[in-house]
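The chain that follows stands alone, in the form predicted on its own, written as structure tokens.
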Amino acid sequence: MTEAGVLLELDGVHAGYGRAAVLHGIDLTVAEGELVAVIGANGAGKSTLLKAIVGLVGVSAGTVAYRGAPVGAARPERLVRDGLALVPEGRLLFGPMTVSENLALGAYGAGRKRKAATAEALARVHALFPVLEERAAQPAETLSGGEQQMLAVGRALMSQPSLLLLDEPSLGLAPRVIAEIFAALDELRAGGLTILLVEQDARLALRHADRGYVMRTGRVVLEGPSADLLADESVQTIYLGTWQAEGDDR
């Protein structure tokens, strides 16, 4: 049973792609209202972790529980209706469709019971990222990289999630844009949204997170409050020193 206040819990999770095992016994928890960061070098399994949580990668052993109930074989669209939303690496926007249409598709996945709140969700997205309102009629493919990342986050927020999962939101973006996106994440967290962040910039992630997990070759090798991880000598040497902005696994 997941203890009170814990929104997401992974217990001994093994997952991968066919016979290719990637995750090896992952234990992880995210409490309501937290921003939790997962850091690690290229190939550590960070992206696979997020995919396993939302059902895009099969779990071969262990359990993923959301609000105390095992996710099991639930389809990804059901998880969206239950309050899970993923901002994938690479954004995966519908390029020829307008900004407004991409946001509307995010609301579609929330189900009929939330349709009455769609206008409120849209207003919230526009308040976080005013450029999306300015660009509402533009095709998504004509936006800058930073604007596309904002749109990807905004589309996920349109489903009015309880838990937002983000995969490498800073990848390939200019420092100014990264600052805008992380300021928005800080605001969302302050408003009570729970966030699980996979991020290639370890220092950036830990500065914004409450707690962190360090992954290596599909395993969690360190965990704790972000301040402790930032001060940890091994984390400083490997992830805050020579390891910089590498890509992630699959």
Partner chain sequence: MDELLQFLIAGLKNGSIYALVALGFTIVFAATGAINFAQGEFFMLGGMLGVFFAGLGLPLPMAAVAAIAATAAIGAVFELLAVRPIKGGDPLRIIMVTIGGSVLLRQMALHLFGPDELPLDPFTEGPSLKLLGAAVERQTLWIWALTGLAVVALALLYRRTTFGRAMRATSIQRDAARLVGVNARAMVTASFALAAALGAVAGLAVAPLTQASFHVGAGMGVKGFAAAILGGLGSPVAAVGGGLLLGLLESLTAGYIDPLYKDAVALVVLLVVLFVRPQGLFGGSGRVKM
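Positions refer to the first chain, counted from 1. Just so it is clear, the model here is predicted, and its values are computed rather than measured.
Form predicted in complex with the partner chain: not shown, discussed below.
Would you kindly say which of 125, 86, 99, 150 lies with a heavy atom within 4.5 Å of the partner chain in the predicted bound form?
Filtering the options by heavy-atom distance leaves 86.
Just give me the single entry in 105, 131, 174, 117 that has a non-hydrogen atom within 4.5 angstroms of the partner chain in the predicted bound form.
Contact with the partner chain in the predicted bound form is made by 105 alone.
Closest heavy atom of residue 92 to the partner chain in the predicted bound form, within 4.5 Å or not?
Flag for residue 92 set to yes.
Please tell me whether any heavy atom belonging to residue 221 falls inside 4.5 Å of a heavy atom of the partner chain, as the geometry stands in the predicted bound form.
Contact check for residue 221: no, nothing within 4.5 Å of the partner chain in the predicted bound form.
Quick one: does residue 193 come within 4.5 Å of the partner chain in the predicted bound form, counting heavy atoms only?
No, residue 193 is distant from the partner.
Using a 4.5 Å heavy atom cut-off, state whether residue 56 contacts the partner chain in the predicted bound form.
Although the partner chain is absent here, residue 56 would touch it in the predicted bound form, with heavy atoms inside 4.5 Å.
Would the partner chain be touched by all three of 76, 80 and 141 in the predicted bound form, meaning a heavy atom each within 4.5 Å?
Every residue of the candidate spot has a heavy atom within 4.5 Å of the partner chain in the predicted bound form.
Looking at 62 to 70, 48 to 56, 221 to 229, 205 to 213, which lies within 4.5 angstroms of the partner chain in the predicted bound form, counting heavy atoms?
Heavy atoms within 4.5 Å of the partner chain in the predicted bound form occur in 48 to 56.
With the partner chain taken in the predicted bound form, which residues across 155 to 192 come within 4.5 angstroms through any non-hydrogen atom?
Stretch hits: a single one, 155.
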